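Given next, in structure tokens, is a single chain: the form predicted on its own.
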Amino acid sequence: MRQQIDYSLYLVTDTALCGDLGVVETVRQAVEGGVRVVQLREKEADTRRFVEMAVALVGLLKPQGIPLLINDRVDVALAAGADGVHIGQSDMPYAMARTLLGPDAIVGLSVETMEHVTEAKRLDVDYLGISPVFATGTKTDAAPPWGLEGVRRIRLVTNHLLVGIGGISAENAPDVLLAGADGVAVVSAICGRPSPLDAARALRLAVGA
């Protein structure tokens, strides 16, 4: 049986933005500050390094009951014992990912168009990542922003849990939730900040949980 997850504040890592502090220490502080889900996203690391980072984060997060998801890579999730994956529209199809990971794993799916949202209605995904809500510089191949009105439209047509990502900060996070999202995912709002702990605390306060 799949666990009930609190998606209210969700961190997506970025090694470059984390800089000298590093991903593991950034995640440690972020979780202490109130992050409830972590996604390890590594576009540049080779497979061995990716797995090593994932294993380190599993060791940090599992004792705290914080789920770790792996971006795109089902093989890395399986190797590291992560809780699941987040996949995009050009990644492994949902059905294959679910078969490989099993019924209890968490599988999230990015949606960039209303067609994607409609197609996802027949899938037993754990949540939909609304990508991007606002314009963002941390994902260079991002689709046009949904905006708050887009979040509202998605909320009207699906019963899936919704997580907004893209250009989200402590200032606009409440608006994203009011528009219908169940949680917000952030990258630069925590990664690369002088104090990821303080940044996470500010976001935690903003989402009101």
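Computed from a prediction, not measured in an experiment: that's the story for all the values here. All residue numbers are counted from 1 along the displayed sequence.
This protein has a second form, the form predicted together with another copy of the chain, left out of what is shown; the following refers to that one.
*Asks:* At the 4.5 Å heavy atom threshold, is Asp124 in contact with another copy of the chain in the predicted bound form?
*Replies:* Heavy-atom contact with another copy of the chain at 4.5 Å: absent for Asp124.
*Asks:* Indicate whether another copy of the chain has at least one heavy atom within 4.5 Å of a heavy atom of Thr47 in the predicted bound form.
*Replies:* It does: once another copy of the chain is placed as it appears in the predicted bound form, Thr47 has a heavy atom within 4.5 Å of it.
*Asks:* Using heavy atoms and a 4.5 Å limit, would one call Glu112 a contact residue for another copy of the chain in the predicted bound form?
*Replies:* Residue-level check for Glu112: no, no contact with another copy of the chain.
*Asks:* Going by a heavy atom distance of 4.5 Å, is Val151 a contact of another copy of the chain in the predicted bound form?
*Replies:* Heavy-atom contact with another copy of the chain at 4.5 Å: absent for Val151.
*Asks:* Select from the listed residues Val107, Val133, Leu128, Val74 the one whose heavy atoms reach within 4.5 Å of another copy of the chain in the predicted bound form.
*Replies:* Contact with another copy of the chain in the predicted bound form is made by Val74 alone.
*Asks:* Please pick, from Val55, Leu61, Leu177, Ala170, the one residue with any non-hydrogen atom lying within 4.5 angstroms of another copy of the chain in the predicted bound form.
*Replies:* Of Val55, Leu61, Leu177, Ala170, the residue with a heavy atom within 4.5 Å of another copy of the chain in the predicted bound form is Val55.
*Asks:* Even though another copy of the chain is not shown here, does it sit in the predicted bound form so that Pro145, Ala185 and Leu203 each have a heavy atom within 4.5 Å?
*Replies:* No, the candidate spot makes no contact with another copy of the chain.
*Asks:* Taking heavy atoms and a 4.5 Å limit, what residues of 82-97 are near another copy of the chain in the predicted bound form?
*Replies:* Gly88, Gln89, Ser90, Asp91, Met92, Pro93, Met96, in sequence order.
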